[in-house]
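We give structure tokens for two forms of one protein chain below, kept apart as structure 1 and structure 2.
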Structure 1
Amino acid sequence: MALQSTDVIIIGAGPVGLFAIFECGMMRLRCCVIDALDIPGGQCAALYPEKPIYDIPAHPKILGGELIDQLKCQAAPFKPVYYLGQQVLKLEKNANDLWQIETSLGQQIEAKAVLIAAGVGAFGPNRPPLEHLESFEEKSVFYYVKNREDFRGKNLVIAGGGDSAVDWALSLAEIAKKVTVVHRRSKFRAAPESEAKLQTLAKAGKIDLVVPFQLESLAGQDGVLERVTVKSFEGETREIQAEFLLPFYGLAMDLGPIAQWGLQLNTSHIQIDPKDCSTNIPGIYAIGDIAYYPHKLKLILTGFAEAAHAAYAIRSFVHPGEMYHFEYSTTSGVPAIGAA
């Protein structure tokens, strides 16, 4: 596979990585973007494409998936080159004194600067420790709801006690045949308003709450789920007829190969200087959920602002000594640049 060259390698095509393409483009920097997932959009696309987000400036309400479509559209004039479905494994200096990455598919790319927008790292769901779980995964057991309609008229078990479990129970109760929520505590960890709604639906018989119980085993054939067995701490077991199990036990955060690149870390995050999003290694910057500094707010809008700061700093790093006149986009328009 031929070595590709660009100005900035962006690791992670989540919302923040996508906006970074735009901000780098405004600085006339070309970008290659790599993501381990098959689609751009990070957590928004993988975990909540159909959930409304309410705190994106100028969008009183926008679905996770819609936000990603808009960000891709905004980045498109800068002709980013996407390398999807491949994880960045290696990052090291090459003989040209440039940063060079290598992906799990063997793609090599070199650039003067690297912008890490890798979110929670190589993220994956926390999976319940159940025997034969793999045979049901992606058939009857799902950790994300990609299309709510898939569950219309079905019997569902939702496991977990946080916001995702409760929000999806409320949402899917509108279309499913039956929703059973299994949680190992009687108290939920969701927003109080959502929990109140859950309790109201439970009292009305629209949702079955099975608490405090834990998942014990799955029964079915060829990945087609028939029953979920749950067990209380006292040893009482119950069988629930279900076609789908949706465990929402949160995300496992694992920096993966990023932890081996010599970056200064702070409990699974990359320590940056918030002034320009630089890391301890010259030419490597980090933004979004993965970047840490005191009082950091892990929000999409925080990542957007960091993308602007980082792009501005990267411009000087890639073109040292070159004068750059900062302009509003209303003045500069969207500059035309060649593909990476």
Structure 2
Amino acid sequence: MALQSTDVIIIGAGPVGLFAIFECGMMRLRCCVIDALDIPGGQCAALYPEKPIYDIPAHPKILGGELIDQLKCQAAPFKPVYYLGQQVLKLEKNANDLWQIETSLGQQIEAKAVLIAAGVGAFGPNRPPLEHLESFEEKSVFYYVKNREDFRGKNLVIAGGGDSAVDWALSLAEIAKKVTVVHRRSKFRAAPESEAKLQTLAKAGKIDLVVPFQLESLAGQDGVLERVTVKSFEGETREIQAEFLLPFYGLAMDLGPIAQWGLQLNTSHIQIDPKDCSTNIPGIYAIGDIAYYPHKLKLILTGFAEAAHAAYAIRSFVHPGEMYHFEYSTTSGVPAIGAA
């Protein structure tokens, strides 16, 4: 693949990474964005698109998916280039004294600055230890709900006992033919109000609770699921007719190659200077949940503020010695990328 050049490489397309595109754009900086997921939005899009968020300024309540849609719309005028479904494997200085990255799909990009907004690192779903699971994945087994309507009128098994499992059970029970929730404990780890709603729907016969049971095996042909077998701790087994299995066992978090880049770490987080979000390596910055400094609050709005600090600092780093007159957006509007 041809080497691509940009001003800033943003690693992570979660809400903070998306807002960083906008803030860098306001500084007239071009961005390429890399994320291990195949959709922008991070956990908000992958796990909680229909879960309400209450602490976003000017939004008393906004769904995770709606927030991501608005952030993508806000970033769109700056024409970011997304490289999704791939992880950054290498980061090193090249012959042009620029940072150059290479992804798991072979994409190479160079830039003067790198902004890490990778949440707590690359993440993927915790997969249940089931034989032949991979043959059903992306056909009948899904770890994220991208389109709720895909499950209308279907028989679903949802496995897990946390917020995402319970929230999706409540949501999909409205449109699915049947929803069965399998959990290894009678007690769920979801918000009390959500669990109360789950129990109410179970008593009304709208959700079937199979507890305490665990997933045992899958049956079907050519990736088309027909049955899910579950097993209790006493050895009792049950077969559940199902067209889809949605296992929600949380995410496996891993800094991955980031841990090998020579950055100063603090318990799997990147140590930064909070005044400009710089790391111990010139030209590399970190924001959002992956960034650490004393008294850090892990909130989306904290990451938004860090994105603004970082973008302003990156502007000076990319264009050293250049005078830049700061203006409020009410004065400057949305500048065109490439404009002086």
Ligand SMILES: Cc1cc2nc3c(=O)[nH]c(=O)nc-3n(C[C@H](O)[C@H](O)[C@H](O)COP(=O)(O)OP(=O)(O)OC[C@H]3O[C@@H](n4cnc5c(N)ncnc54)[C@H](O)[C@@H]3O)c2cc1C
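Whichever C-alpha set is largest while still superposing within 1.5 Å between the two forms counts as the rigid core. Start at 1 and count along the sequence of structure 1; that gives the residue numbers used here. Everything numeric in this text was worked out from a predicted model, so none of it was measured.
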query: Identity of the form predicted on its own among structures 1 and 2; finding: 2
query: Core-aligned CA displacement of Ser171 at least 2 Å between structure 1 and structure 2; finding: yes
query: Core-superposed C-alpha of Glu110 shifting 2 Å or more between structure 1 and structure 2; finding: no
query: Core-aligned CA displacement of Arg148 at least 2 Å between structure 1 and structure 2; finding: yes
